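Presented below, as structure tokens, is a lone chain in the form predicted on its own.
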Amino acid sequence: MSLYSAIKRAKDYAAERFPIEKLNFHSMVEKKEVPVHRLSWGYYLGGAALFFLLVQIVTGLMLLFYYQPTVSDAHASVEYISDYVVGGALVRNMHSWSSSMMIACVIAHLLTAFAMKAFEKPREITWLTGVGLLFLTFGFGFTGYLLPWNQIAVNATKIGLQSIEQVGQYLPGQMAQWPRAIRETIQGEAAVGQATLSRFYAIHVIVLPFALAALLGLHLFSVQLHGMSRGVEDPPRRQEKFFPMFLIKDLSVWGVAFFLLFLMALCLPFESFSPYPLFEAFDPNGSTPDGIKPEWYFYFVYYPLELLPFGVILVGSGLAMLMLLLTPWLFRSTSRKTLRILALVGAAYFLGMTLFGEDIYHIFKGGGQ
């Protein structure tokens, strides 16, 4: 292939993914239509995830006025927010609950987009940025978990960082040292301490938000350029205008979501369902709590790690991430019916591990009766 042909192919590829003739309000808003079919509810999940992200940003900024990112004051500042700041407990509960809801919506959005084949040409960029946003969402959850600096959060973070270093034993030659270097870079010192908290805080409130803004901007831009995917094999029953009909419905979902979130934050402290509520600040001389577990959205990896060799989970996770990134090309000829089955299998696995992972663990370990 000549250089001219390669440049022309690259130009044609970019032109198809970013058609400049559609860069106007009429094409991206007024003319845009949304298919109506039995899976149309899936189109609202992305908007719901965006709503919970906005709640995260607003409540997070409010918490920053009082939070102190030091090992001596972090836990006390969170307690002060919850106990003494007017509306502080409500804001903190909204931040925590919306975090879980955002992650749930992002996962559901990815599965429905996969089932509806929303990654097919020319929507590859939309899919790839969506996968990137999923990874960033998990990054927010992992880094934010440490910030209250309580006993369970610090110990869980230690285990998470040690898992990174474990990867080295499966890599050849000098590459075996890379995971350890990555862990030390993130941790910042010999043990989890002030440097770790400072770096997690910086990643959580600066690095990840900038990365998210870039990916989210590209993702939303691509969605507006190409519109909603067809979603089903047969032609949709009808089309409805994006503006104002779909937008009004989307905002209505936001209204319902806000009402439910506000009600939960008002009536249910986020730690209500946790066996490890926010009580004790981290004590470096204290013992690791029994039965330590990560947040619920990591159970799909945590429980398999408890049951299977680390190398098996490492290979499986690597293949799963590679499959997600290559989905537009691996499944371009796959029917939507098959994709729906695969999405249901993925959803069943995630829900099974999230809701029944502990029971499954005890059954296979011989502890369940």
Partner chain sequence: MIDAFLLVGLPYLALAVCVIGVIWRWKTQAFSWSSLSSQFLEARQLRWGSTPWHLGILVVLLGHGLAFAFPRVWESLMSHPTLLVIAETVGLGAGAMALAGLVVLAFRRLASGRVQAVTSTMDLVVLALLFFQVLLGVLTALLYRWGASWSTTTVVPYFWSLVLLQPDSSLVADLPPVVKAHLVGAWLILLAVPFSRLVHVLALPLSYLWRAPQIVIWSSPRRAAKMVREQRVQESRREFLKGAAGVAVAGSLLSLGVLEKLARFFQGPKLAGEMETVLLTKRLHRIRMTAEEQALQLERQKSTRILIGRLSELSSSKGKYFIDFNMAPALAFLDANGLPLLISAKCTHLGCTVGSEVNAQGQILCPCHISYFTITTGEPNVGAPAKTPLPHLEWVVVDASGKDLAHRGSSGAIQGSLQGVPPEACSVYVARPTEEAS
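Numbering follows the first chain given and starts at 1. Everything numeric in this text was worked out from a predicted model, so none of it was measured.
The form predicted in complex with its partner chain is left out here; the points below concern that form.
With the partner omitted here, the residue from His95, Lys117, His219, His75 that has a non-hydrogen atom within 4.5 angstroms of its partner chain in the model of the complex is His75. The contact with its partner chain in the model of the complex, taken as any heavy atom within 4.5 Å, belongs to Tyr80 out of Phe138, Trp296, Tyr80, Tyr170.
Contact check for Met175: no non-hydrogen atom falls within 4.5 Å of its partner chain in the model of the complex. Looking at Lys8, you'd find every heavy atom of it more than 4.5 angstroms from its partner chain in the model of the complex. Taking non-hydrogen atoms only, Ala108 never approaches its partner chain to within 4.5 angstroms in the model of the complex. Its partner chain is not shown here, and in the model of the complex it never comes within 4.5 Å of any heavy atom of Val29. Only one segment in the set 49 to 57, 323 to 331, 300 to 308, 337 to 345 has residues whose heavy atoms sit within 4.5 Å of its partner chain in the model of the complex; it is 300 to 308.
Although its partner chain is not shown here, in the model of the complex the stretch 163 to 183 places heavy atoms of Ser163, Gln166 within 4.5 Å of it, in sequence order.
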